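Single chain ahead, written as structure tokens, the form predicted alone.
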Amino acid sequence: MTYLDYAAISPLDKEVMEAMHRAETQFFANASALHTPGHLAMNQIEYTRELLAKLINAEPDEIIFTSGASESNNTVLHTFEGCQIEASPLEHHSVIEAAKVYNGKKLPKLYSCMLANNEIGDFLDLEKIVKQAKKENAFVHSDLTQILGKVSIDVKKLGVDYATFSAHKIGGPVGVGALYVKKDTPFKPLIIGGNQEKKRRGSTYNTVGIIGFGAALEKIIREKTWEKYDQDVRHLRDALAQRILKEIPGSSLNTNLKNSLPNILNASFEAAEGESIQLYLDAEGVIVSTGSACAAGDIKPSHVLMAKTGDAEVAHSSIRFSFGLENTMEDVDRVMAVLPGIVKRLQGISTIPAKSISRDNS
């Protein structure tokens, strides 16, 4: 199998798996309990908190553990319920949909802007948003879920008040995430009913999951994975981009290769439907996504690509290839061994008017 869907979820890292297996027998107790096993479990949780704080240049008590990025995003927007909320049109659905629910007319104002988009990989102008927010005494939230481990992060330099993270994007387990909340900023818990996380997030700790998150963070810090992404992974991504444009008529890129995450490539194929391409690739053992994996089953065109291109056909014909550290040039070769033929076949039977491809598929 050639797996190129790391932006959706990364395979559970071997070190993470081993750490979680040990935790199941060594740190099984309720981390909020006063007995010794509870203290041992809490020590592991605090260690993970310190690791994440170190990695993003925050203080440990500015980190809140959650069930994932969607909960973290919702928690921030819930905090500003009834206030003015302005989200970029490229945000994740968990921000866009929550903003519709919580948006109001009161002050203070919240801006929500990713540093880089999850579908196309492009960097957004977060610096501009932060400057505008300072002029208005507003607050800034940034979903950094796709950034962690791939780009060096310093929340103080970014100037954000809130930031979102998720473990399963970095080889950690599903169901664990974190929220950075800058000191002395507004905060209202989304989940209440317990004293966990200093009353900022109720519910019994997912100790094993948090320990897995910590093991993934340890590996990032030890190996400085952002350097590997910038060099090795970017080389693979760019090689695939060049071959797609060269070898597949009617292809185009939705990712700005010069200003994007090093591991995401979004491409469109004229007169070929994205979901059909994805299914044909899947049958060949090549795993990719179309649109956002979180919106699977939604027949509407990607809101991200519609915001960027305004072209529904481009959005419907898009495929996202996302790389991880385990990928090699053999994976690029494998994609290009089957993708041109798949696209040609679909273009040959398409009823969509084509502008730049030949209909001679004999």
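Numbers for residues come from their place in the sequence shown, where the first is 1. Keep in mind that what you see is a predicted model, and the values were worked out from it rather than measured.
FYI, the form predicted together with a small molecule isn't displayed, but the following is about it.
Mapping the unseen interface onto this chain, V304 falls outside it, with no heavy atom inside 4.5 Å of the small molecule in the predicted complex. For the chain shown alone, N327 is not a contact residue for the small molecule in the predicted complex, no non-hydrogen atom being within 4.5 angstroms.
Contact check for N266: every heavy atom lies farther than 4.5 Å from the small molecule in the predicted complex.
Contact between N118 and the small molecule in the predicted complex is found at the 4.5 Å heavy atom cutoff.
Against the small molecule in the predicted complex, the set Q84, N103 and S112 makes no contact: no member has a heavy atom within 4.5 Å.
Exactly one listed residue, out of T75, Q146, S251, T207, brings a non-hydrogen atom to within 4.5 Å of the small molecule in the predicted complex: Q146. Proximity to the small molecule in the predicted complex, taken as heavy atoms within 4.5 Å, picks out 166 to 174 from the listed stretches 166 to 174, 210 to 218, 191 to 199, 271 to 279.
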